[in-house]
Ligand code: SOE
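One chain comes next, on its own, written out as structure tokens in the form predicted on its own.
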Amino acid sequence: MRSLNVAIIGQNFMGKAHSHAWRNAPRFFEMGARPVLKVACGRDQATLERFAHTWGWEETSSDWRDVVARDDVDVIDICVPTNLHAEIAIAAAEAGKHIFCEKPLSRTSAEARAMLAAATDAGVVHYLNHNYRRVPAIMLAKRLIDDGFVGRIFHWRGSYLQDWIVDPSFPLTWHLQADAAGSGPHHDLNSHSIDLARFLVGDIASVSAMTTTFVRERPLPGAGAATFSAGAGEVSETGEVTVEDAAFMLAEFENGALGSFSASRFASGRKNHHTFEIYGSEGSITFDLERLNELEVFSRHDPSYLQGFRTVLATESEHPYISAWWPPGHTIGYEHTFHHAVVDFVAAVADGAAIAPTFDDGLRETLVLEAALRSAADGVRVTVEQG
């Protein structure tokens, strides 16, 4: 079997999720090529060595440029902050490497266009890892919509809520700085919702949005929480938060459906609350990531004495990806979506299979994100540029 040598750039949360998938997917799925965990690249050599040992990466490097240029690397997996995506992806494409990139694609549409152009010109496979597309229950939702179960779609209601920065003593990480992240939960969380909305409902024509920042100064990384607490006196080691803490967006889709999107890191009690609701002329579908094996469905064609939402457990062998895992009723989890992405990516590289979302999808998503930020800044409805 052909080997596919992978280099991963980044070693933290997403680095772990991706490494687990690269290492484990061939144990469950028949694949046209065998991923080889060739080299892990990061800045902190001590933690990088531990990371590589834990996940089985053969080598380590602290210079991503050297890694991209290596003749024995076929795939570059990008798991670094958003501001680094464009430079690495463009260099990888120019070196003829296939690219597996964590979301969101970029900070700006200009970066996204440059990434797409480089990957297209090089003829390499380019994949943007919106892993939630590969939840079997969401794939079932796509099948039902395509089969006409919902009918004409009237409404999309998406929400992605977390609470990890409610405490004002939480430090000023890169996620809270526009230069690194592009924006706050709008890029980080709404990008997921926009991708699913485009996947399930269609392209977005116009948006109207508002954003706010609840905590505008935070301690710099390494500054003690006690230093920042009330009554501790003047605080000197703080920095400005330059992204929003919450973003709400209304949207009109090109097919006439209306949608709403909410994203916040200040939703106390919500750890990773990602939901959507789709309402149509013939039926409805709802999904909650915290119950990711389930899809709630409603059909207007059920007899009146049976009408109501019912729960479908998407763990049957006919549901996408599930036959490679466990018997019906034995649920899968968050990490499995990354395995599914790796399986499909390898098929695209080894067998020429189609894969989505690509950098083109990432560009279209970024155009929606940008239009919403302009709307929030100017207080007006904004038409979304298409491609």
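Numbers for residues come from their place in the sequence shown, where the first is 1. Predicted, not measured: the structure shown is a model, and the values here were computed from it.
FYI, the form predicted in complex with the ligand isn't displayed, but the following is about it.
Just one listed stretch, out of 159-167, 277-285, 212-220, 115-123, contacts the ligand in the model of the complex at the 4.5 Å heavy atom level, and that stretch is 159-167.
The candidate site formed by S206, F261 and L369 is entirely out of contact with the ligand in the model of the complex, as no residue has a non-hydrogen atom within 4.5 angstroms of it. Contact annotation: H85 falls outside 4.5 Å of the ligand in the model of the complex, judged by heavy atom distances. Interface residue remark: T173 is not counted as part of the site for the ligand in the model of the complex, having no heavy atom within 4.5 Å. The ligand in the model of the complex comes within 4.5 Å of no heavy atom belonging to T311.
Using a 4.5 angstroms threshold between heavy atoms, N272 counts as touching the ligand in the model of the complex. For the candidate set L189, L196, I153, L295, a heavy atom within 4.5 Å of the ligand in the model of the complex is found for exactly one residue, namely L189. Residues are counted as partner-facing when one of their heavy atoms sits within 4.5 Å of the ligand in the model of the complex; in 1-38 only F13 qualifies.
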